[in-house]
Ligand code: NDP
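Okay, here we've got a single chain as C-alpha cells, the form predicted alone, with questions on binding and movement later.
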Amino acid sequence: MKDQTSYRMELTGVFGFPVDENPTVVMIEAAFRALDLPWRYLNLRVPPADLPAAVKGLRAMGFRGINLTIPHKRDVIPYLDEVADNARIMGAVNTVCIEQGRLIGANTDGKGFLRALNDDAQVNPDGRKFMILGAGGAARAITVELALAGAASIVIVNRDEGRGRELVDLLVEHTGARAAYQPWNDDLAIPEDTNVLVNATSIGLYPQDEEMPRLNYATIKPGLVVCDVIPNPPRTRFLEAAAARGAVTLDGLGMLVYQGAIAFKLWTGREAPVAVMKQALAAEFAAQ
C-alpha cells in the first residue's frame, strides 16, 4: 500500500520590522534541503504593535520555532513561557522554540560568536583579555557569553558613555566579570595586553562597506585576534587593515552561521549542515 502523502510543512521563520533584507532564510532553507526535511523558513514582517498577536499565532498555526530580530528581541520576552538564563541576563531573545504549546526563549547570538572563536580562530576565551567596540545588542550577547566562558577582562568601548557603562554594570552585576568602560575617540589605542579585539557595531555592513571603525590601527600588533560581527561582506575593510598589521582575523560569517546552526538544532533536533549553510550565504553575498 502506498504511503500517505503529506503536503504539510513544519514552519519556522523570523519576526522583524523591517525584515525583507534578512538573509537567514538562505542558510536555513539550504540546511532543510540538505537534510531532506519538510520544513520551511519564512521572513515575517511584524510591526511592533502586532507582536502580541503574532506570538499568539505561533501556537495557533503550529509553528516549531521563530527567530526575532530588530525591534522584537526585548519586547517578546513577556509573551514567553520560559527564558534561558543567558538570554535573561542579556535582556534579549533571538530564538524561540515551541514545545507542546510552550514558548521557550533563548539567545544564540553570543554562542554563535563563541563557536566561531573556538572552532574557526582556535581561541579559548578562558583567561583572555577582550576589547569590544560597541555596546548594542551584538555586544551585549557576545560579552555575556564571554564573561560566562571565563574571560579575564572585558573592556567596552562606546561613543555613548551611558550605554557603555550600562553594559559594564550588567556584566559585573550578573556575571561577576572584570569589566570596564573606555571612551571611543578617533585615535583609540589598543592596549598591548589585549588578546582579542571585536567590532560589535554595524560599521562596514553592506552597502556601507567602505566604512571602518575609527581607531589607531598602528596599535594593532601581530598576533592580536581581530574579529568582526559583520557577515556581509565577510572580508571587511576593518579586517583587511588588521591583517595588514599582522593580526589574526575572524569574519562575521561564521558567527551568523553558527548562531543559526544552534537554532536549527533546537528546532529540529538534528545537527545543522554548517558547511552547506556557509556556502549558501557566501554565494548569496557574492551575488550582491
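For every residue, the number given is its place in the sequence shown, counted from 1. Please read all numbers here as calculations on a predicted model, not as lab measurements.
The same protein also has a form predicted together with this ligand, omitted here; what follows describes it.
Put simply, of 178, 102, 159, 74 only one has a heavy atom within 4.5 Å of this ligand in the predicted complex, and it is 159. Site annotation in the predicted complex: the residue of 46, 242, 28, 230 reaching within 4.5 Å of this ligand with a heavy atom is 230. The chain is drawn here without this ligand; in the predicted complex, the stretch among 203 to 211, 185 to 193, 123 to 131, 77 to 85 whose residues come within 4.5 Å of it by any heavy atom is 203 to 211. In the predicted complex, this ligand sits within 4.5 Å of a heavy atom of residue 255. In the predicted complex, at least one heavy atom of residue 135 sits within 4.5 Å of a heavy atom of this ligand. Heavy atoms of residue 163 reach within 4.5 Å of this ligand in the predicted complex, making it an interface residue. Interface membership of residue 236, defined by any non-hydrogen atom within 4.5 Å of this ligand in the predicted complex, is ruled out.
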